[in-house]
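Shown below, as structure tokens, is a lone chain in the form predicted on its own; questions about how it binds or moves come after it.
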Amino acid sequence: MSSSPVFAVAHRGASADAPENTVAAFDEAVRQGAVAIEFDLRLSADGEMVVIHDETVDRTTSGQGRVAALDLLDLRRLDAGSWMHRRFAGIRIPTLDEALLAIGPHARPVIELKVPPPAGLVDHLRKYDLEREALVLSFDRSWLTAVRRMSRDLPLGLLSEGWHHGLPEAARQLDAEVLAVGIDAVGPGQVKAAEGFGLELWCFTANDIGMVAACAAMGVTGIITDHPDLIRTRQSAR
């Protein structure tokens, strides 16, 4: 069992304390000491990159409908905060630029693709000098392959709910540096297997102190959590 330091990857920001995937959640994650902040990327109907997890806006905004069917202006009219608490009323769905501006100076942006990689993704990261600092995650290996064609320098991470014997090799073949696996599938053997291929093993989603302690003891590097303040060790994720 390992006693190596671990770091918090704030899941959709500090999403236990502020509306997920909003600038408020990113700011709160920074305040709580997260050194990496994960968020989800989709496209509006007019091709703008926006930060929202679900395929529809129904759960986390005042509106209804598919994200891909709404123009950016329509999305920006929606209240993305009141569903959690009235003090967050008026918070909006962020654009990719707004997310990078909120996170980039303070923590590592970790972008989970919910759609195939948009053509302008790498250009946006370069604009903020984040091409080598950010990390792009996906469950879809073909999407990660496409990102690698766009940039040789942008770090990649493969997501998987479960574990199978060939998973570390698959991640390495994608030229990934991170393998992020569901917490129920993580053990010391998985950590060792990932390290054997030169990969960091992250786990998701650990939301109580016992789960965090178990992940840390197994040697996991990054712990994806809605509660980044549970992880007191401060260590750079870059």
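All residue numbers refer to positions in the sequence shown, first residue = 1. None of these values were measured; they are calculated from a predicted model.
Here the subject shifts to the form predicted in complex with a small molecule, a form of this protein not shown in this document.
Proximity of residue 224 to the small molecule in the model of the complex: non-hydrogen atoms within 4.5 Å are present. None of the heavy atoms of residue 177 is located within 4.5 Å of the small molecule in the model of the complex. Contact between residue 139 and the small molecule in the model of the complex is found at the 4.5 Å heavy atom cutoff. Not displayed here, the small molecule is approached by residue 40 to within 4.5 Å at the level of heavy atoms in the model of the complex.
Out of the listed residues 144, 159, 125, 99, 159 is the one that sits within 4.5 Å of the small molecule in the model of the complex by at least one heavy atom. Taking 172, 192, 31, 53 one by one, only a single residue has any non-hydrogen atom within 4.5 Å of the small molecule in the model of the complex, and it is 53. Remark: of stretches 110-118, 90-98, 163-171, 126-134, the one touching the small molecule in the model of the complex is 110-118 (heavy atom within 4.5 Å).
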